[in-house]
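Two forms of the same protein chain are encoded below as structure tokens; each is given separately, as structure 1 and structure 2.
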Structure 1
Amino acid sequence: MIVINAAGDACPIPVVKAKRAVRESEADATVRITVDNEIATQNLEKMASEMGLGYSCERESESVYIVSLVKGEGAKSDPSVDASPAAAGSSGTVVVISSNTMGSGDDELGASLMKMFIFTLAELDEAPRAVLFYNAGVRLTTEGSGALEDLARLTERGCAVLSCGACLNFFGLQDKLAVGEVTNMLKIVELQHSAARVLRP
């Protein structure tokens, strides 16, 4: 159990403190955070819902609210990908692709490098457990991407190809996903947290 006192802190501080604690804690951990106003509890509840955490709140007195956030069990989880290392199969590698280009300097070169990276990834003897796409990375999993064939090959080999839902929405690509599944922040965090190694091109 992790205990945080955020009484006297104005939003967004209580949420920021809680978020850090949740991200740094073990699976199944409970984070208890004390705040002094109802608005802060409501903001924590929104965060819990987005991160897939269990949420409960007790009002101890006029200006003392204790919010409990529960990771893992008791929280909703996505059964399509088991984040525990035991379920990793042959590989504990998670690949994180946060851009549609590889490296910085020239975007045209970066796009071509990224395509080659994904091609090569699909050629590896041991496919990674998951490839996570977020921010402009979701351009690679949606219609018009040159990497779709290689990504489809990866999914056939048991690798989860996961695109951040909020990012798809942000770029207006929510209807254009062409390979893999949509995921959320909890899964993005858990997969990286539990990975034996994380690759970032």
Structure 2
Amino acid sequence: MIVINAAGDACPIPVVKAKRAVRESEADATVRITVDNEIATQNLEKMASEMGLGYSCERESESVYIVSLVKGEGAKSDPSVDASPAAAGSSGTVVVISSNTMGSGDDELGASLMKMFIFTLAELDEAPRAVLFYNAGVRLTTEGSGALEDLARLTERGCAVLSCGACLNFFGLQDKLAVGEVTNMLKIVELQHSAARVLRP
């Protein structure tokens, strides 16, 4: 068994440490990693699913989670982002949204423009591969956002709608996510790095 203490590590370090340990371990090995927040456990669970690993999580206290990753015959040695079901049939375009407004000058106008941008994105003949939200952009994927209906339409068309977990935590929105899934900086970088094109409103 490989034991890793990632308590106190910022996103995406727990996932990076876990992925490295899995890749370097023997077949049928177990990697046990300690983290201190629920977002980290969710990110590790997604990583386990992508790599074909067994996953379990025990909560030892309010801020101590023990995640076990079991490597077996189904594990992939180096999973690609394209293996994600959300990427199937997509165009290779990744959209990056880092604010809940579009442009600068007037926030009310910027909010209106961003809503129209997302609506138009959902109307395209070919949906993007993924839409990434970080910093204040995560406000668009949480309860009360006027963009939820259009973002839901995108997910129905196979587009991955992903919000930065650390950003949700920062704004106190970790329990308010209304569409898509939580992600981490490693996935945000991987998706942009492998994209045919990156679009930023």
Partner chain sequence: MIGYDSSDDAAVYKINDDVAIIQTLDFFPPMVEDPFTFGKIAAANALSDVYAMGGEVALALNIVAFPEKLDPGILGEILRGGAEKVREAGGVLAGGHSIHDDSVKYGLSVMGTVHPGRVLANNTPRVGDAMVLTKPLGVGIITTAYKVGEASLEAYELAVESMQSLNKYAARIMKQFKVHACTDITGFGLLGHLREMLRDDISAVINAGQVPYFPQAMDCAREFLITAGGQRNRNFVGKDVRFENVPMAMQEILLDPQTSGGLLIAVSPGDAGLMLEQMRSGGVQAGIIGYITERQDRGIVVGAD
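Keep in mind the model is a prediction, meaning the values are calculated, not measured. Along the sequence of structure 1, residues get numbers from 1 upward. Here, rigid core means the biggest group of C-alpha atoms that superpose within 1.5 Å across both forms.
The form predicted on its own is structure 2, not structure 1.
I33 is among the residues whose C-alpha shifts by 2 Å or more between structure 1 and structure 2 once the rigid core is aligned. Relative to the superposed rigid core, the position of the CA of A196 differs between structure 1 and structure 2 by less than 2 Å. Here Y134 does not count as shifted, since its C-alpha moves by less than 2 Å between structure 1 and structure 2 after the core is aligned. We note a C-alpha movement of 18.0 Å at P14 between structure 1 and structure 2, with the rigid core held in register.
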